[in-house]
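Shown next as structure tokens: one chain only, the form predicted alone.
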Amino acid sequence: MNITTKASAGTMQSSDLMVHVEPADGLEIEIESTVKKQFEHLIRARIEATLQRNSVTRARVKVTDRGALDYAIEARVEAALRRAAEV
């Protein structure tokens, strides 16, 4: 998947997250979370798996998490990717 424009998905409500995606030369992932100390590695792994499943190798992904569960992380990242990709 080729990321060609900025896009976002999600909300800032409790148990949700906001994902911003934009074009970049490499793959950059930035995570802000209310549970960062405990779960950053798991959040990052879920984001990386979603990027890999969609064949994204170049993008800047910024995630602001408010305690979202795995399925919400995957859904929001995928929605942002599809909005940012050329179709």
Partner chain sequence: MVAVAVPLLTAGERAESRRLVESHDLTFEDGCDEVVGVYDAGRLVATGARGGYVLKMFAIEASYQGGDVLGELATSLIAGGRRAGHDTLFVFTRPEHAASFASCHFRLLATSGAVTLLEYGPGLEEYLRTRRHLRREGRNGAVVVNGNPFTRGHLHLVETAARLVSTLYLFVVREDRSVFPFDVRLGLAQDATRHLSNVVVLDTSRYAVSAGTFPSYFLRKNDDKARLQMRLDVRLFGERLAPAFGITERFVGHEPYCETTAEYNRAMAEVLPQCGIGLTEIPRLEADGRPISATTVRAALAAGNLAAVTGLVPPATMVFLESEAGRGIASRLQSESMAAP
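Because the structure is a prediction, the values reported are computed rather than measured. Numbering follows the first chain given and starts at 1.
One more form of this protein should be noted, the form predicted together with its partner chain, which is absent from this view; the next part is about it.
Participant: Identify which of R44, R58, R53, K62 has a heavy atom within 4.5 Å of its partner chain in the model of the complex; exactly one of them does.
Facilitator: Result of the distance check: K62.
Participant: Under a 4.5 Å heavy atom criterion, is I73 part of the interface with its partner chain in the model of the complex?
Facilitator: No, I73 stays farther than 4.5 Å from its partner chain in the model of the complex.
Participant: Whether E48 contacts its partner chain in the model of the complex should be assessed with a 4.5 Å heavy atom distance threshold; does it?
Facilitator: E48: no, not in contact with its partner chain in the model of the complex.
Participant: Answer yes if any heavy atom of E40 is within 4.5 Å of a heavy atom of its partner chain in the model of the complex; otherwise answer no.
Facilitator: Close contact is absent here: in the model of the complex, E40 is far from its partner chain, nothing within 4.5 Å, heavy atoms only.
Participant: Would S8 count as touching its partner chain in the model of the complex under a 4.5 Å heavy atom rule?
Facilitator: Contact with its partner chain, yes.
Participant: Hey, which residues along 1 to 23 are within 4.5 angstroms of its partner chain in the model of the complex, non-hydrogen atoms only?
Facilitator: Heavy-atom contacts within 4.5 Å come from K6, S8, G10, T11, M12, Q13, S14, M18, H20, E22.
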